[in-house]
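Coming up are structure 1 and structure 2: the same protein chain in two forms, each one given alone as structure tokens.
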Structure 1
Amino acid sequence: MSMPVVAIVGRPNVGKSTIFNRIVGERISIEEDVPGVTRDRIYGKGEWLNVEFNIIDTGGIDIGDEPFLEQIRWQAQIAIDEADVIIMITSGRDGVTATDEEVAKILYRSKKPVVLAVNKVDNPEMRDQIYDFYSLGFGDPFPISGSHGLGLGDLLDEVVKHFPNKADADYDEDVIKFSLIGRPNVGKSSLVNAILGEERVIVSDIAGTTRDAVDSPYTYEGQNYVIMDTAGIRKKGKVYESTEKYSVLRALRAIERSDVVLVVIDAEEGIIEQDKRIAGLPHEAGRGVIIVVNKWDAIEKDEKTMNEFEKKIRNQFLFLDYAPIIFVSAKTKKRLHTLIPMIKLVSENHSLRVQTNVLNDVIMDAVAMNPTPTDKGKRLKIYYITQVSVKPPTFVLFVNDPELLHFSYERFLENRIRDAFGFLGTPIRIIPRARK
């Protein structure tokens, strides 16, 4: 499912992040744990009139030491590249400034719909101040107050009107959608080219909407696949694309649309902090994950090297213990042929449904082997478990008191489920629920 993307642009201090937070609302706290986006969030989900969308605060993306005006130009360009609809924010307290005009000039050149908001219109008497803003050329300005939460409904009504027809952008259920994420230069675009250049890969050109042009569909041994957001991976050369926040943003978009995510690591450079932040994203989003160590050709190795590298990865990415690791070279094509079958396997596990009675046998055996913990004299009782959904496989565990299911015991149950059913490459979720 590809969700529409809304980007907020505007010069500093007009209230972009205030409005972003208003629109994303209480969802922020849910996603607060996502590594890399905890501080200075720039990406979130919003919902209006039952339509969900992604929203980007471009003001949160700073591009090195570039001068002020350059930064703003880049932010506007990112909005144009990424968004279906752009909200340009100005301030009713300041009137139209030269910088506002500068931003508007950049936005004109794109064909993206722009909705103009005049913020800090905190009371009805101030509404007269919006008329100057017609001069920016984006039609009716919408008076809002981010701090008081006024006018946002009318603004979002207008934004939602410009969303593209969602149905066009989706793929059939049986198509496996995957993406490659990783910091710049790990070899993502080389890998995409190598995959598409593989023997037996039949590149298809499904005609689609403009949005679909960013994806690469192909067929391998009768199975249809789409590599998501390849345009963003292959497009090179813009300065902002190498900034960390922007690469996280790109990764989030690709993850959103994927069943399986390949986390690409550079064997030559090893694992750095940024890799860890990026690797946490598909896990949090509940997608299938494969760790791909690329450039394996480039390092000196003996028979121990692979094991040692694998150990290092396991130590650094503790939360991804279920993810298979594949060592490849986009350059020499070594072991590349193992990639597509692994994507297929992980995708199958990601949507695997297990039988309720077998599942309950597994859990009851586990409990018999390792009794449930007690807390302050009260023992956890497990009554029943059932799988409620797939992608990722999600289980509801009926217990006497959810508080008593500590992390370590939950982990133990998860491992028993994995031992019994596999689930290689997919996170699984266990949700405890009280049964009266």
Structure 2
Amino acid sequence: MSMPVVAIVGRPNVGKSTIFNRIVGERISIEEDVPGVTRDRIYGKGEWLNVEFNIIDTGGIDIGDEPFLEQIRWQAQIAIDEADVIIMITSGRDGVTATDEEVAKILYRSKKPVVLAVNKVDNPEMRDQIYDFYSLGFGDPFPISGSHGLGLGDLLDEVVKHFPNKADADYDEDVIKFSLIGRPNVGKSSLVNAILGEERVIVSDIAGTTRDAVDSPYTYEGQNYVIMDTAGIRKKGKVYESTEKYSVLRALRAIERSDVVLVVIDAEEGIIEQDKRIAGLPHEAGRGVIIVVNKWDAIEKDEKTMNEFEKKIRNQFLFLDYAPIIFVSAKTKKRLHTLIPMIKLVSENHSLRVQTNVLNDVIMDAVAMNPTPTDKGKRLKIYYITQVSVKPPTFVLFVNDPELLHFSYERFLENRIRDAFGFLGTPIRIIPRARK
């Protein structure tokens, strides 16, 4: 099931980011200069009453040189598109402003549940100032103080009440769910159209979730597939195409609902930093990964070009050394027929289970070939290994002391497991545990 999404909306300087940081906890609200998407200021995870949810701070979405009011309209629109519940933040110190009324109008038309919070109510005497906010038409305003953390419990109680009960579109276990991610204009949209156009057995687009993400199911050689969130891929326009943070947000959501993720790269432009950031997302989420180089028709080639491009990818995406690379052209449909069988293979590997006795034979052979390391005179002892889950395949390795399992030796064991069982396209996890 996909996690509910909460968006924080409001005019500038009402304290949206402070509230966001309070809800997600300080661990995510690390300053911008730290690389890595999970620390991006606009997107985080919160939890209240044992319910986890994603939260967006629309104030972190910067839409270039647009006039002040236009910016806020865009931010409100993103909240409407993405969220199950919207928190509108206003300021108790300023009272109801014309801009608050403008934001309220946009949100009112959305038909999404809106919870109104009046921030900067830092002491009980100020509570009388919240009554004006009833005029915005969202029912009881919740007085809060982001800087002191007051009133947030009541606010979140109300937010959680509005979460949808509906699970994601229920797809059968045997349906393979995949998504395409990549920075704007790498050809995700054309690839979706080319895939759906080539295997013309399309069921009509169905609404995938409460957030109107549209999924496109189809069948190929008897296997059912669903391309997740094709609506998100096809979104165009200034805000969606130019905002890197927005494309990351969208990618995270598509990944959450997929078994296999296609990371799309533009052959003409080559690899840039943003590609690496986006490609790290499915790896961290433990999804199957295929790297798809699109627009291959536009490249002047000789017999070495493909090998050289592949080397570049391997050098830049060291963490995805298990991911197959496919060169295609959505425009000419060249090599497109190789894509779906590869998605099927990666999906099978992603849910592959290995017998414990065979697995232990492989590990013991590996140890015989390359003995375990020592640290300060103490040698790592491996007792046995067992697979505890799939999607991604996860193994628990019972040892005398987990601290002795150096990263390089763990990598060696992972490679031996891959040599023996394949696991092409899927990350695998090894968790060392001390034997009691």
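Definition used throughout: the rigid core is the maximal C-alpha set that superposes within 1.5 Å between two forms. Just so we're on the same page, residue numbers count up from 1 along structure 1's sequence. Predicted, not measured: the structure shown is a model, and the values here were computed from it.
Student: Would you check which of the pair is the form predicted alone?
Tutor: The chain shown as structure 2 is the form predicted alone.
Student: Once everything's superposed on the core, is L345 shifted 2 Å or more at the Cα between the two structures?
Tutor: No, the C-alpha moves less than 2 Å.
Student: Would you say P124 moves between the two structures, meaning its CA shifts by 2 Å or more once the core is fitted?
Tutor: It does, since the P124 C-alpha is displaced 2 Å or more between the two structures after the core fit.
Student: State yes or no: after fitting on the rigid core, is the Cα displacement of I181 between the two structures at least 2 Å?
Tutor: Stays below the 2 Å threshold, so no.
Student: Fit the two forms on their core, then tell me the C-alpha shift of H148 between the two structures in angstrom.
Tutor: For H148, the C-alpha ends up 4.7 Å from its position in the other form.
Student: Superpose the two forms on the rigid core and tell me the Cα shift of E52 between the two structures in angstrom.
Tutor: So the C-alpha of E52 has moved 3.1 Å between the two structures.
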